[in-house]
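The chain below stands alone and is given in structure tokens; this is the form predicted on its own.
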Amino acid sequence: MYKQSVFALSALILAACSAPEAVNVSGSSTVLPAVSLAADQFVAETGTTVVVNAGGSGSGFNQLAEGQTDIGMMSRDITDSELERFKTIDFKRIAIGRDAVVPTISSEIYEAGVKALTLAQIADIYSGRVDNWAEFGGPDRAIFAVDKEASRGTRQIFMGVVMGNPKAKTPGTDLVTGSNNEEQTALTQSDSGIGMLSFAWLNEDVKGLSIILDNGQVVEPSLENIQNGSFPFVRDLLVITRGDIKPPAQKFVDYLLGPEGQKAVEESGYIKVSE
């Protein structure tokens, strides 16, 4: 009986040692759809387990820096303060796709005629200087302004362009959300909302605003304008790694940049960065 137990335990240890090492990925909810889709395909092809979790760009970076995950997903660049906190670590930024943050409104407001705003007008909303859609030719209805958590990459890109400060205070905000999914739901449930979403999250219930530039040109949130960089909120979608990345994680990063990974990026509504 004792020998059988020893043999059984030895077999379990050998099986555990021979099993492919899991790859853990966490961070931006914007980058998550493309990485999750690619991960499903990668698992089917290689048998290596890939666990993907959201939580925001800041969370993904911190978990990577602290060794809690293998790959961080970020929809913004690493800040100087983040690099300073972990200055002994060699981080590598890899763009896997391109996207745009889009000022987004409830479909009811869009259909009532508000289809384009200037950056200054959007800033007026979040600063609390304007709180009724009638000011922009829309219905006489209070504006429901939705913001995101301060650590979210989408928020930092949006506020950097609109307010000139990624960490800007927004006294006009009525609700603070986390993921794109949460904000999309909030805007869908409102008939007077404005917020910020990744381009891939627009649908019939939440409409992207065009931007009126200083020269009067109106730029629509389209794949073409994201690709050519004319839409003001264009950004790279990043995966972040450390210099001590494990081989299975590096293999998955390479997969994201290969044909199947880039196909997953396109199928998720983003622009691929390699053929």
Partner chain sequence: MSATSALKAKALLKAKPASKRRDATKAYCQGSAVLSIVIVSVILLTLLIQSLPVLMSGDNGLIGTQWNPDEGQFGIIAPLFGSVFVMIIATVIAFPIGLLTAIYISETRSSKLRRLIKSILELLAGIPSIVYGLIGVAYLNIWVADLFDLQSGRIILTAGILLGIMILPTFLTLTEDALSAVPQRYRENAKSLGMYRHEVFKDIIFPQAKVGIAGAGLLALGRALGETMAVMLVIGSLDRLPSPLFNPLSSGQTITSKLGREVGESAFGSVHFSALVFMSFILVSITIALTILSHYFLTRKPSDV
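Residue numbers count along the first chain shown, from 1. These figures come from a predicted structure and were not determined experimentally.
Omitted here: the form predicted in complex with the partner chain. The next part is about that form.
- The listed set D205, D124, D77, E182 contains one residue whose heavy atoms approach the partner chain in the model of the complex to within 4.5 Å, identified as E182.
- This chain is drawn without the partner chain; in the model of the complex, the residue among A186, V130, V161, L117 with a heavy atom within 4.5 Å of it is A186.
- Using a 4.5 angstroms limit between non-hydrogen atoms, S107 is distant from the partner chain in the model of the complex.
- By the criterion of a heavy atom within 4.5 Å, R98 is excluded from the residues contacting the partner chain in the model of the complex.
- In the model of the complex, W201 stays away from the partner chain, with no heavy atom inside 4.5 Å.
- Although the partner is absent here, E149 sits close enough that one of its heavy atoms falls within 4.5 Å of the partner chain in the model of the complex.
- Every residue of the trio P171, L175 and D191 has some heavy atom no more than 4.5 Å from the partner chain in the model of the complex.
- The stretch from 56 to 64, 36 to 44, 238 to 246, 225 to 233 that comes within 4.5 Å of the partner chain in the model of the complex, counting heavy atoms only, is 56 to 64.
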